[in-house]
Every structure is written in C-alpha cells, then in structure tokens.
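Below you'll find only one chain, the form predicted on its own, shown as structure tokens.
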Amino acid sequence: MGESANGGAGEFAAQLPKRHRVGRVWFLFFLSATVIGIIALMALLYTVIVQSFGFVAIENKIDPATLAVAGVPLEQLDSAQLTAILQQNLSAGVMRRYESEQPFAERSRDNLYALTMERVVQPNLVGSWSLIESIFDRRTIEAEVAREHPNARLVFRTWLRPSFIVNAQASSAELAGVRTAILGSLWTILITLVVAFPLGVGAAIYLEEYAADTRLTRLIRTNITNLAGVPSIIYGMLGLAIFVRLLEPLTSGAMLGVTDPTVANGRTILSAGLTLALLILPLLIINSQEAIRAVPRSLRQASYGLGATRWQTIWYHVLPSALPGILTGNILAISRAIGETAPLVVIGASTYIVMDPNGPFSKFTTLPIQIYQWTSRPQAEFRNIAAAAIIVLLVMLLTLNAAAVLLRNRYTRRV
C-alpha cells in the first residue's frame, strides 16, 4: 500500500510541471485577450477625440459686422431685426418655403439667428485639421491658410461645444448640431422601453412560473432564443410591413385626429419605437427568464407553505429577488436599441430634419442615423462633427446605463 501511495505521489509530481505550463498558456491567452480589447477601445477613443478637436479655417460669405443694426452686433439682435435681415437677403420663394415649414412669428430668437448665420452669413469651412496636426504642425497650417485663403480666419475648434448640443441640423458643419437627433433618440428609446419591458418581463414570468413543460413550450423557448440572433434589418422590414403600412392609421396619428400631412405615411417615432421594441423583446425575455430561474425554489416553497397564492409569491418574493438580473438585461437591451441604424433606415428615419419631434407621431431622426449621414459626406469637417456626435451618443448611453445600474444596485441592497 505504501508503494502504491508513493507511486501516485510520484506520478502527481511528474504531471505537475505540465499542468503549470498549461495554466501559464491559458493565463497568457486571457491576458492577451484583455490587452487586445483595451487597445481596441483606446484606439476608438483616440480616433474620436483626435477628430473632435483641432484647427479650422472659416471664411464667411458676408461679414457679420456688416449686418449690425444701429451699432448692435448680429448676435444681439432681436427676432424682428433678424427676420428683417432674412427678408432683405433671401428671395421671396425661399422666405415662403421657410414660412410654410414654421411661421417666422412662431420661431424662437435662437432659431432665427441660426437661420441668419446659415443662409445670410454662410460661414464656409475651407479647411480642418485633426488635434495631432494642430499641435505639431501649427506653423505649417498657418502658412497654408495665409497663402490659399487670405480672407479666412484660423481658430482652434472644439467641435463638442454647447452650441453643437443645442443647434438643430444645418447644411453647414459650422452651424450643425445634434439637438433634433438627441430628442429623437430619447423619444424612440422611451417608447421602446415602455412597450418592451412589461411585455418581456410578463412573457418570462409566464414561461417560467405558469407554462407547463410541454413540447409547445419548449418550441416557444427555442424560437425566442433564435429570434435574439436575427439580424436587425429583418426587424426593420417587419416594422415597415406592420407598423408603417398595416397600422399606418395608428402610427401616423390619423386614428387619433392628428392631421399632419408630413407623417401621413406612418414613418413616425411611434413606428420606430415599436420596431425597436420587437428587436429587443427576445433579449429581454431571455435575460428575465434567467433571472427568475436563478431565484431559489425554496423561496417559493416557503411562501406557499405560509398560505400565499402563486401570484402573491411571484409579486412579493420572486420578482424582487429577480429584479437586479432583469435590470441587467434591460441595460443590455438599451445598449443595443440606442445604437441601431439599419431598422430605422428601413422604416424611414429622416437623414436631414430641422424640426424637433414633439410627440410620438412626429418625423424623426436619431443620433446613429445622424452620425451615418455625416460620415457619408465627402467634406472632412463633417467627419469632425460625426466624431463629436459619437461622444454625445456614448455619454447618453453611459448615462442611461448608469441610471439602470444604480436602480439595480438599489434593489440588490434591498434583497
């Protein structure tokens, strides 16, 4: 027996170096995967930040100083004075078009100022440079601008500035902003969560707590899992067929008395929100099922033993315990929905819109659509504002996720 024990110990000792080598190999593999992921993330952030700052050369068609009224500079004029400048410098046809879009009497002073800058002053970006070029090649840039564009002024531009957040879209990168796209994204995500969250959690509760383990139930679970991997553009085609065309009286608002002719085809925020709700619904159901399944069976049995009904057990014990996991799935769903572009393009999201959405029956655009539209433009300055819009999208996404994480942690502490 002693010889057998010594033989086993000797075999273990002989295998130990090999086991250590295998462990080191897997350690290096996991470490390399982590390092590669960090490098890829840093490269993304580097590219976005470098494009969001740098020198720009601006050349105005009309000097803003020449538009001053009684010594009052253009940026301090009131709405009536700005309207008068527009009437003096734009044709009657253009003025009628703007009046039909929104009467000048109803436009804000900021809207009139932005319109004056865009159509009268017409600032033109004749050159833009990245942050690295601006830091290391400043003298070369100054000499190039002085030689090729003597009337232009060279300024260091932070594209992610307050006016970029509050301005609407514009044909000039100098004046363009993401306000309309931000509002469109928030409206769309709100409708998506209001529809998808209760449906997803309700379906998970039924499948885990009520449905019997039959062949039909197993088939439903399998199909839900498969739907989570369907390409998003397929959901866009489904949304186009159902929400835009079949349910057009509802999604356009005609059924509720909305008579806006610009949304009579059903390509509205409501259609977009319902389409994205279908997109994230399988993900919400699967994550909610896993969270409910993780609640110990003994908790349910203890509740039944005290005389509680099945619904009381679910409402007062199962759901509070599963809620942190459900909110984790909600975070993943928000992350996917807020960055989607393909399904929104299919159902008709606008690539250029200057009017803010004011309800679920409005025309819309979103930040991903706006970024896609700007990156497809040939002018280099539109890539700069696209990079700034990416930062805005990341901040908005992280803010929404942080709110969900705080809510999840709050319920975790309660449990």
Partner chain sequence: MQSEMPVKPQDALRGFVFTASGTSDMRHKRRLGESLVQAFLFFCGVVSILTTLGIVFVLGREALLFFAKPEVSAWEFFTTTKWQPAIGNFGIWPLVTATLVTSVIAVAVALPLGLAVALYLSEYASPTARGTIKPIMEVLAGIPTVVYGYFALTFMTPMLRSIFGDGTVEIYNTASAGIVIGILILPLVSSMSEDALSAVPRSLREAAYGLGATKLETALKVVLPAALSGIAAACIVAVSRAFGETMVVAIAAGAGPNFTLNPFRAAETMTGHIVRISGGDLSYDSIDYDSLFAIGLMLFLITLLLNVVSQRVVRRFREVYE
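So that the term is clear: the rigid core is the largest set of C-alpha atoms that superpose within 1.5 Å between two forms. Computed from a prediction, not measured in an experiment: that's the story for all the values here. Numbering follows the first chain given and starts at 1.
Another form exists, predicted together with the partner chain; not displayed. Remarks below refer to it.
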### Message
If the criterion is a non-hydrogen atom within 4.5 angstroms, does every one of Asn226, Met237 and Leu278 touch the partner chain in the predicted complex?
### Response
yes
### Query
Considering Met355, Ile62, Ala68, Leu41, which brings a non-hydrogen atom within 4.5 Å of the partner chain in the predicted complex?
Leu41
### Query
Looking at Leu283, Leu82, Val244, Leu323, which has any heavy atom no more than 4.5 Å from the partner chain in the predicted complex?
Val244
### Message
When the contact criterion is heavy atoms within 4.5 Å, does Glu174 count as touching the partner chain in the predicted complex?
### Response
no
### Task
Look up in the predicted complex whether Leu306 has a non-hydrogen atom within 4.5 angstroms of the partner chain, and give yes or no.
no
### Query
Hey, in the predicted complex, does Leu394 get a heavy atom within 4.5 angstroms of the partner chain?
yes
### Query
Taking the shortest heavy atom distance, is Thr222 within 4.5 Å of the partner chain in the predicted complex?
yes
### Message
Within 4.5 Å, heavy atoms only, one stretch in 120-128, 194-202, 72-80, 92-100 touches the partner chain in the predicted complex. Which?
### Response
194-202
#### Entry: Residues from 309-329 in contact with the partner chain (non-hydrogen atom within 4.5 Å) in the predicted complex
Thr309, Arg310, Trp311, Gln312
### Message
Once the core is aligned, does Ser32 move its Cα by at least 2 Å between this form and the one not shown?
### Response
yes
### Query
Just checking, between this form and the one not shown and with the core aligned, does Ile391 shift 2 Å or more at the CA?
no
